[in-house]
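Only one chain is given next, in structure tokens, and it is the form predicted on its own.
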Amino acid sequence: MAAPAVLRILTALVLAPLLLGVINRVKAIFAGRQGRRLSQPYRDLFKLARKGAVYSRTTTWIFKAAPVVSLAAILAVLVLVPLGPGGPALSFTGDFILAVYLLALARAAVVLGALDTGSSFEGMGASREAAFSALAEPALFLCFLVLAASTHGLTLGVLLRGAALSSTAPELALAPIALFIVLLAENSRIPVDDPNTHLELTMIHEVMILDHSGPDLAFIEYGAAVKLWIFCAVLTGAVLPPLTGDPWLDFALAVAGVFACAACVGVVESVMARLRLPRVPKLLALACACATIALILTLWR
């Protein structure tokens, strides 16, 4: 593994929780509040890691393994996703397919852990998560196909070279729109889900992890932060090409682009309310439609 690839992975591992702090700070600015510290997500993770885990007598090994499997799958995706100039730590033909399936594995682990509790409450959240992911994954695949048709490549290192901005094809602008909608859905952000709510009728992701505690909950929360970093890196890579030719400066710009994506998420959560659950599939269908139109126009050219 090359040193630059190690640096990109370490940057993601260290700075991923800071994305949540940026989102919360942007929301606080819009609300006219001081808000929490940018370092608050780190404090929460350290506090959870020091606590002990509590397990219900109705749960099995599936519940205990779910946080570890989920975090491991997300970290495996991090190895495949590039950031800035240079390729990812691991690259091969069709690696974007593996990345999508690893994200699905991480989601399936959390869903199975929720179902293993035997709680109808957590089962409700698991069913919503599975239903919405079945609509978000096709949109993500279609976005990758659009980038593949534009760049004539089949690896994430080729796909994520800023095709949407560097190309003269205006239809490629639809792919980042679809990717941003998928980002909001996959990371349980408004308008799909509200990560700060605890209302029974609105929770999706939060209700699935109610029985997790201590280090197990820290694994899930940290995995969610890394997953947000991955989607922001994918969106940045699809939009922002290398601008200066200096690899270190372009890498810094790519990291800034990731935090800009997080700031955009905070803006969306500040100006929009969470959608009613029956309207979420329509939003994801819009993402699929945007990606499909972009794919057809790209192939037509």
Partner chain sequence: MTLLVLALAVLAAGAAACLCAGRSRAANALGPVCAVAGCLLGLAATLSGPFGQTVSGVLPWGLPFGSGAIGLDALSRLFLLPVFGLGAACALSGRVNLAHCADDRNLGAHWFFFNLLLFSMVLVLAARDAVLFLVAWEIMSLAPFFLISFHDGEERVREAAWIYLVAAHLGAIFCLLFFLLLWNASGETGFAALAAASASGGPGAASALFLLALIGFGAKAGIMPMHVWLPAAHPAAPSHVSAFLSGAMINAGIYGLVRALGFLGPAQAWWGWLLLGAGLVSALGGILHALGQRNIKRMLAYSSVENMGLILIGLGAGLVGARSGDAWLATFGLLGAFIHLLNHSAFKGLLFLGAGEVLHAAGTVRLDQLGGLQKRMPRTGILFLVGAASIMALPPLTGFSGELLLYLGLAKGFAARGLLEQIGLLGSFFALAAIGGLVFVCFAKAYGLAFLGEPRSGAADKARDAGAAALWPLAILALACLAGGLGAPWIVSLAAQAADQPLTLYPAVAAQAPLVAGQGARILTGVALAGLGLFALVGVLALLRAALLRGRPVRAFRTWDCGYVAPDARMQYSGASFSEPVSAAVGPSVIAKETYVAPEGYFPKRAVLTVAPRDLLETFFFVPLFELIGRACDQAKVLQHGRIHLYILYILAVLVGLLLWKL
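Positions refer to the first chain, counted from 1. Model, not experiment: these values are computed from the prediction.
Keep in mind the form predicted together with its partner chain is missing from the figure; the text below concerns it.
- Contact here is defined as any heavy atom lying within 4.5 Å of its partner chain in the model of the complex, and by that definition each of Tyr101, Leu145 and Phe219 is a contact residue.
- The stretch from 55-63, 30-38, 260-268, 231-239 that comes within 4.5 Å of its partner chain in the model of the complex, counting heavy atoms only, is 55-63.
- Taking non-hydrogen atoms only, Ala73 approaches its partner chain to within 4.5 angstroms in the model of the complex.
- Asn187 falls outside the set of residues with a heavy atom inside 4.5 Å of its partner chain in the model of the complex.
- Though the partner is left out of this view, His205 does not reach within 4.5 Å of its partner chain in the model of the complex, counting heavy atoms only.
- Proximity of Val22 to its partner chain in the model of the complex falls outside the 4.5 Å heavy atom cutoff.
- Checking Ala126, Ala178, Ala225, Val81 against its partner chain in the model of the complex, a heavy atom within 4.5 Å turns up for just one residue: Ala126.
- With the partner omitted from this view, the residue of Gly118, Gly162, Pro191, Gly157 that lies near its partner chain in the model of the complex is Gly118 [heavy atom within 4.5 Å].
- Shown without its partner, the chain has Pro281, Cys288, Leu295, Ile296, Leu299, Trp300 in segment 262-301 as residues with a non-hydrogen atom within 4.5 angstroms of its partner chain in the model of the complex.
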